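Okay, so here's just one chain, in structure tokens, the form predicted alone.
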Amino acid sequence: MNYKKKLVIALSEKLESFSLEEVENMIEVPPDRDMGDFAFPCFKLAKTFRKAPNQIAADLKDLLRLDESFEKVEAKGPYVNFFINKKILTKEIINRVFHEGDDYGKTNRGEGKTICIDFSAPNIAKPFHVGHLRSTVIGNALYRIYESLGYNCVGINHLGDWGTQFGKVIVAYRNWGKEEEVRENPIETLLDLYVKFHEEAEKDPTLEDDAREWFTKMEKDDEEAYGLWKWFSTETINELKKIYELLNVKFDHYTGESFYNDKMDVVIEELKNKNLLKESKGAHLVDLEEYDMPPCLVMKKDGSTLYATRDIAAALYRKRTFNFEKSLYVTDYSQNLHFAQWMKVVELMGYEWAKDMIHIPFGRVTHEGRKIQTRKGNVVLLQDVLDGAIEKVMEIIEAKNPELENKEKVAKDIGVGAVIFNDLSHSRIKDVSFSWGTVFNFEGETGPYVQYTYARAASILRKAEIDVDTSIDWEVLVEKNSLDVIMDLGGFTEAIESAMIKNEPFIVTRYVVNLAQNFNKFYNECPILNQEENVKNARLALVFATKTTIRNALRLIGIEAPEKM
């Protein structure tokens, strides 16, 4: 039942000079529920009706006719305040949660529309460090949020598996590497070689030329160069998949930069045919001075391509293959210019759908205030962070609840959940300074706090030993603590839709923290199991509805909800 829509219709009938949209935009939500659930300020009506706002509010209050879904209407100064019938509201929300279960919160607004989401995209032959976590968990949450609203989602891991850096790794391997070391410990060995290359290149700059030559060989399908690249890629992807499994992340396509190698000549030819490509010192670029941007370089003087070339080719391929409604790119804000440049090139190529490609920037990750630089070896491996979080939870379980069933899985769900929640508990655009103390903090507004609230609700329902249903006395749930929870439950779909519109998973994270906090207040103030049957049954129904909604919200951000902790 859309209470706001009912208000808009009722008010518009009395305010013929104002459109439905204007009336809807004027409706407010008071800061205190004692002042009403909705408020309509009458200041903007004074000029039209030539009356004081206070008088207009009083007249409107007497003229309005609302059905039983509103229990009262009051005129307070220049405002008309509306109070929802809490009994009807409570019954509607609880029944809906029971009826929809795992689907509660979902809609079909995106039915028939496809969203491409390009996220994570770590580099091959480099370790998966904490700096990659943000793109991975933000992208995964957006995938789940859009999917819950009926969109067909295509998750793409645009692996950094092409470029001059592979020439560097090949040069380092041929000069200092050993095959058995790479096979035994691929990621650490390749990282060490990459770091050594940069150390040696500072003393011998000709190594940079060697690296560029080897990358050019890769592009020309040189047998040795391509074979080494393929080997490094395979070893890295195998390691990456272990981390994705831990993070509960899935991709529909692992199509890295190399996937578009045979698609770039067509792009370059099209740019030439449309007179967009200019030559400069042997290189080829698109001039963007008119748009206050530096030129977009698409081909170096040695004939090798760049990130922009591959991104343009990928965009054309994805539109042709998936016919996306929107195509999202989840990367840190340092790439703002890069995306603005190549997306402008796609627009200049005459593709009106260029506007449907959206860069989703997020703040960068530093380690204890220092920039993470793979070439300097200044990295914190994500595997180490996840393992450390799981180990810490296991220590707590062994100390406080050693008989817990499936404690290894519970430790994994809570430890990994803590790391994910810690990242998503901030607006995505904020920079994040990684520290072990922050990640391993399990107090306050954290993932473990929300998971514990879920487990508490599950424990209450187990102890009740009855089948909970909605054949209850609804009057029991109209007191303040119950209503605070119910109002949260009723706002779940709105929170999901807001997160989708703003491409901001933090909105769901904030929502579920608020729900957990209000539920714990309810739990502390409203005894459940030792009450009369009508009170107990009604409150158990609220516990069940809360448990269901917390689980659904956590699932949207990629976190499991253990039944016991």
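Start at 1 and count along the sequence shown; that's the residue number. Remember, predicted model here, so these are calculated numbers, not experimental data.
The form predicted in complex with a small molecule is left out here; the points below concern that form.
When the small molecule is considered in the predicted complex, Asn123 lines it closely, a heavy atom lying within 4.5 Å. Contact check for Phe324: every heavy atom lies farther than 4.5 Å from the small molecule in the predicted complex.
Although the partner is absent here, Arg134 lies well away from the small molecule in the predicted complex, with no heavy atom inside 4.5 Å. Contact annotation for Gly160: at least one heavy atom lies within 4.5 Å of the small molecule in the predicted complex.
Note that among 184-192, 83-91, 454-462, 303-311, the stretch whose heavy atoms approach the small molecule to within 4.5 Å in the predicted complex is 303-311. This chain is drawn without the small molecule; in the predicted complex, the residue among Asn273, Ser280, Gln335, Thr234 with a heavy atom within 4.5 Å of it is Gln335. Put simply, of Tyr244, Trp474, Tyr254, Phe339 only one has a heavy atom within 4.5 Å of the small molecule in the predicted complex, and it is Phe339.
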